[in-house]
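In the block that follows, a single chain appears as structure tokens, in the form predicted alone.
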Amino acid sequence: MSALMQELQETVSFIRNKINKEVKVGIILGSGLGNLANDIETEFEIPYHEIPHFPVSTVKGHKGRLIFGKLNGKDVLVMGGRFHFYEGYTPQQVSYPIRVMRLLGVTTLLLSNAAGGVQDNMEVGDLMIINDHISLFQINPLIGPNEEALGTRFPDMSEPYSKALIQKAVSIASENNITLKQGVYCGVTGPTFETRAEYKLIHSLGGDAVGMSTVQETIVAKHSGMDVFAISVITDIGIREEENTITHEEVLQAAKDAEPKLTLLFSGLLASL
């Protein structure tokens, strides 16, 4: 047995001692979106530092706990905070929790993040469904030996984000008068926010939003055979604000303000599964 499979087995065994049933839906809450966890009927939660082989979140706005409970009557496994390459973790460590979720039975993964808007028609507070991504600026987490037990060597990425889940989200938003945008998310390493020249480059490549997460998680989720839905809260508009500067505190506040709409969307998606 490889070192990775041994670690995964130890992590999964530890969590299974807390939960005696499979969970089909996993959720990862991004920057400033951790309060969505307050709407979950929590059965148990575990701080990341107590879970064998789990990284520990170091970013403000990420509480760092694994939560099991119910949201809108459905069992969910929720990460209250994620991990990032810029924290010093490898892409494999960043995506390790996705492996754990899949081995615990998760087949549908819902992701959220805070992102910078790249298109001119975006405003702070917009919600953008991710319908594709650009991963060229991040290191692929599948580089290295492939574990055939986890997924194929060359996974297809023609539909990284489930069209069926996107369609459901659009319907839920329409029924609740929530305006949604759709677009391409460009993943970068961070931790610096983008320069104006980088915003222009991403725009020219077809990116609609840019952020420092999500892409590596999605790649591993697809490698594992999961259906993925992801949505960005647009927390700053870097490409057209010639005099502004961006702070993490402003990003957190914009994400927090959008949280009620995001909670409604995720709850509706769960109800439809």
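Worth saying up front: this structure is predicted, and the values here are computed from it rather than measured. Throughout, we count residues from 1 along the sequence that is shown.
The same protein has a further form, the form predicted in complex with a small molecule, not shown here; the description that follows concerns it.
Proximity of residue 28 to the small molecule in the model of the complex: non-hydrogen atoms within 4.5 Å are absent; the residue sits far from the partner. In the model of the complex, residue 193 approaches the small molecule with a heavy atom inside 4.5 Å. Using a 4.5 angstroms limit between non-hydrogen atoms, residue 89 is distant from the small molecule in the model of the complex. Though the partner is left out of this view, residue 96 does not reach within 4.5 Å of the small molecule in the model of the complex, counting heavy atoms only.
Interface residue among 85, 161, 137, 199 relative to the small molecule in the model of the complex, by the heavy atom within 4.5 Å criterion: 199. Contact with the small molecule in the model of the complex, defined as any heavy atom within 4.5 Å, is confined among 151-159, 108-116, 175-183, 126-134 to 108-116.
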